[in-house]
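Just one chain follows, in the form predicted on its own, and it is written as C-alpha cells.
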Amino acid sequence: MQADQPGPVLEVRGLRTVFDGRGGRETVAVDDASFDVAPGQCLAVVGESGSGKSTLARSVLRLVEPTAGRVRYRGTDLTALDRRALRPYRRHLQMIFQDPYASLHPRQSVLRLVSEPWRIHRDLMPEDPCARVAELLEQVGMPPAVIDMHPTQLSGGQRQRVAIARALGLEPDVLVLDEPVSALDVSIQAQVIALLMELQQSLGLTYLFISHDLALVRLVASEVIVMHHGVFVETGTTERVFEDPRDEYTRSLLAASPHL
C-alpha cells in the first residue's frame, strides 16, 4: 500500500454512465455522480436493486467505461489513461464481487487463483509464491490445507475469503466491495464482515461499500450515499442519514428495513 498522502484517495466528479438499449433508447445508469473517499474511510452506497450502485462501482474502476466525468486516484485522472497506462494503477484499486461462485474459476486451484494477479503485475511476484499464498490464506482465516483445493470443494464463505486473499495479494489501498456478503448464508455473513473490518483496521484499507442492507451499512460505514434511479438523492454521515433523513426515498428505505 502507498504511504499516507494528503487529500482524498478517490475523487469522483460528474460521473455518468449510459447504456445503449433496444431501438436506440439509452439507459442512464449513473447520472452526475460526485464524491470523495478519504484514506481509511468506509463510504457506503445504498439503494434498491437497479438503483445504479453496482454500475457506479464498476465505472469508478473502469470495468464499465463511464460516458462522462472524472475519477482521480491520489490525484491521477484514471479516466484520462489508456488501457496500458491504467494497468499499473489497477493493483491499488481492487474489487470484491458479490458472487464468489462466479468470481472464482471452478477448475483452478486456490493456489492458482490467489497467485493469478501476479502473472499480470509481475513486479509484485514474490520469491516464493506458494508461501505467500499460504500467508494470505492465513490472513483471511483459511487453513493452509485448502491451497490445493478447488472452489467447488469450498463453502460460499470460504470462497469469498479466497477472493479477498486474491485481492490482498496486490497490496491495494482501496477495496470496492460490491454486496460482498449478500450471496452468503446469514450465519456466515457476520464472519466475513468481521474479517473485512479487521483487515481495514490492520492494513489501513479504504472501502467503497456497495449494499442494499441498511442495517449492515449502519454498522460498517462512516458516510452514506443514497442512490435512486442513478442519481444521488442524499449524502451525509451515517448517523445523520439514519437519524435525520431528508429525502423521501431515504425515509422509505429506512421504513422498509426491519432491522433498524
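Residues carry their position along the shown sequence, with the first being 1. Keep in mind the model is a prediction, meaning the values are calculated, not measured.
We do not show the form predicted together with a small molecule, though everything after this point is about it.
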- Of the options 27, 67, 191, 34, which one has a non-hydrogen atom that comes within 4.5 Å of the small molecule in the predicted bound form? 27
- Pick from 44 to 52, 218 to 226, 193 to 201, 231 to 239: which stretch has non-hydrogen atoms within 4.5 Å of the small molecule in the predicted bound form? 44 to 52
- 4.5 angstroms heavy atom contact with the small molecule in the predicted bound form for residue 179: yes
- residue 103, heavy atom within 4.5 angstroms of the small molecule in the predicted bound form: no
- Item | Non-hydrogen atom contact residue 62 with the small molecule in the predicted bound form at 4.5 angstroms | no
- With the partner left out of view, is residue 98 within 4.5 angstroms of the small molecule in the predicted bound form by any non-hydrogen atom? yes
